[in-house]
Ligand code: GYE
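A single chain, nothing else alongside it, follows as structure tokens in the form predicted alone.
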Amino acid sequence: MKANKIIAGAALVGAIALTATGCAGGGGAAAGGGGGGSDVITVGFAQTGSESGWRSANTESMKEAFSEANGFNLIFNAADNKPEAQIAAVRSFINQGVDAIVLAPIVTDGWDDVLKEAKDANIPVILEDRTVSASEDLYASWVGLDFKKEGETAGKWVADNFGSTPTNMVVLEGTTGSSAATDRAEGFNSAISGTDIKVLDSQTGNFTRAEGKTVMEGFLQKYGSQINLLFAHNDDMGLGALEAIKAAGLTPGTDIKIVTIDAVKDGMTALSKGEFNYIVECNPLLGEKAAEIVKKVVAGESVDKSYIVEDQAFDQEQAAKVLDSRPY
């Protein structure tokens, strides 16, 4: 699932630059150009978009951490899950001379050129959430989750509960070429290897509820009651599939077992009701750690190459206990 290297057009660069400037948070501080003389740190944050409840929680976490009160001037851009727009946003940050760039890459590949441009401009890049295939010397650090472990945890639960019984499964994949989708699939598949679980079909739902519903409708039309189990790479696709399952006259969580990853409020609510059967957490609250890394890098301090935030996992009973106290 490798994506081709993407080259953004000059017109798009200009459009993104205007958009990014218009979304600046913080207050009136000029961009510093790699550390400048100001105490305020100007940061360009290139987000993937707003495709899911997880992404919305992640964006809010980042905006709160990179606030004016915390010493930042944030220039925010969400690329609507268009890799070429996200690359253009990063280039606009470079042109504006920000002190640092935080990037949540939509896809893994295609980042070499623009990351080299940032390095040549002495602007450090910190990856957030997802990873890239580019050389590690092109970015300062990464903070996120262990996607492969998330997939393994989900797959182990499935293997333990269904692995010794012939089970037909369909899969809703995340965005093709994203590290989250690739790694979760790898971890899950390794965990169910050698079991009696058969994958009937696997298609991308792009991490969105709408596409999850559409793809699940297609699965139901094609396979009907043959489907025993659904694995969705995130809650939102699982929630879309849940709607399709109900519309088909089936009971989610009973007729078709549902396993997802994220543990956002809507997903945990479905789990507590028994409509989902198991959720592996993917903690979206990465802002505080990302801001800490940025401050250290801009100050010339050394940082680790990667920081992994720990996840949990929940069944129905566990979800019901923690649902009201969840911050997202």
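So that there is no doubt, residue numbering starts at 1 and follows the sequence shown. Note that the coordinates shown come from a computational prediction; the quantities given were computed from them, not determined experimentally.
Below, we refer to the form predicted in complex with this ligand, which is not included among the displayed structures.
- This ligand in the predicted complex is approached by W54, whose closest heavy atom lies within 4.5 angstroms of it.
- A residue is said to contact a partner when one of its heavy atoms sits within 4.5 Å of a partner heavy atom; V98 fails this definition for this ligand in the predicted complex, lying far away.
- In the predicted complex, this ligand lies within 4.5 Å of some heavy atom of A180.
- Using a 4.5 angstroms threshold between heavy atoms, R130 counts as touching this ligand in the predicted complex.
- Screening 67-75, 89-97, 108-116, 122-130 for residues having heavy atoms within 4.5 Å of this ligand in the predicted complex returns a single hit, 122-130.
- For the candidate set V43, A290, C282, I279, a heavy atom within 4.5 Å of this ligand in the predicted complex is found for exactly one residue, namely C282.
- Contact annotation for 137-152: a single residue, F147, has a non-hydrogen atom within 4.5 angstroms of this ligand in the predicted complex.
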